[in-house]
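We begin with a single chain expressed as structure tokens, specifically the form predicted on its own.
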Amino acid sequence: MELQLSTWPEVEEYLKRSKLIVIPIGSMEQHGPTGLIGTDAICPEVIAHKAGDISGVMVGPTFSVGVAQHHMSFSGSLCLRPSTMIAAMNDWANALAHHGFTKLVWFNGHGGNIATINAAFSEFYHLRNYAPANNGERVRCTLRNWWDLQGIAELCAKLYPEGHGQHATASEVAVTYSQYPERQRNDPLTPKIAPVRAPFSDAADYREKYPDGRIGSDPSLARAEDGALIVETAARSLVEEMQGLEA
């Protein structure tokens, strides 16, 4: 059940049986020469929608631009300042809490968002749950990264024993191909597996160390059928976790 495709009476009815909503959150950033810029938003969105189809849980609109300053030397990447992202997340959370949602699962597709998401939670709790004038029901925010779900690491290791990598990975690219098969590209890349070098600082440093955007990966391994399997596995794991939150 998607919030953006629901009417207000349907949301009202949903809230009578559940207070939980999943909010896909990701990034708009380069994913190597063959990966889509929206990869980190597409992956959690697709998995969340599949989980919603299985379980009937409400899925919110995708928070699609995140903290990605280090990708800004690659054309098309977008980013928010951490302070902007924190403010926007708090506005979203407060609006949802106002309507009665008390279990907000922020379902993440970008590792660079993690620190800012947790900071947003701290600000939200400070300003809302512990405000002296607030006597409403406590609201809980939960962060889940799709790649940390039960069974995903094992599946990816099986599908991609070599060349999975850290950025522009075969698994995330495969998930996007499962949704947009017409965008599938398996061009040979040089080097086949991108290097993993020293840590980077800003966008210029990243581009210098990783000139085609990949880190340790060979996304030419990605196949749409593998992506569909990853989506199904992740969605069912997410449903199990949400059942625990509903208890």
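As the structure is a computational prediction, the values presented were derived from the model and not from experiment. Position 1 is the first residue in the sequence shown; the rest follow in order.
Beyond the structure shown, there is the form predicted together with another copy of the chain, which is absent from this document and is the topic of what follows.
Heavy atom within 4.5 Å of another copy of the chain in the predicted complex - the one residue of Pro195, Pro181, Gly56, Pro33 that qualifies: In short, Pro33.
Hey, in the predicted complex, is Trp92 touching another copy of the chain, heavy atoms inside 4.5 Å? Trp92: contacts another copy of the chain in the predicted complex.
Can you tell me whether Ser220 touches another copy of the chain? I mean in the predicted complex, with a 4.5 angstroms heavy atom cut-off. Ser220 lies outside the contact set for another copy of the chain.
I'd like to know if Thr190 sits close to another copy of the chain in the predicted complex, meaning any non-hydrogen atom pair within 4.5 angstroms. Contact with another copy of the chain, no.
Any non-hydrogen atom of Glu10 within 4.5 angstroms of another copy of the chain in the predicted complex: It does: once another copy of the chain is placed as it appears in the predicted complex, Glu10 has a heavy atom within 4.5 Å of it.
If we check another copy of the chain in the predicted complex, which of the residues in 90-125 reach within 4.5 angstroms of it by a non-hydrogen atom? Read in sequence order, the residues that approach another copy of the chain (within 4.5 Å, in the predicted complex) are Asp91, Trp92, Asn94, Ala95, Leu96, His98, His99, Ala115, Thr116, Asn118, Ala119, Ser122, Glu123, Tyr125.
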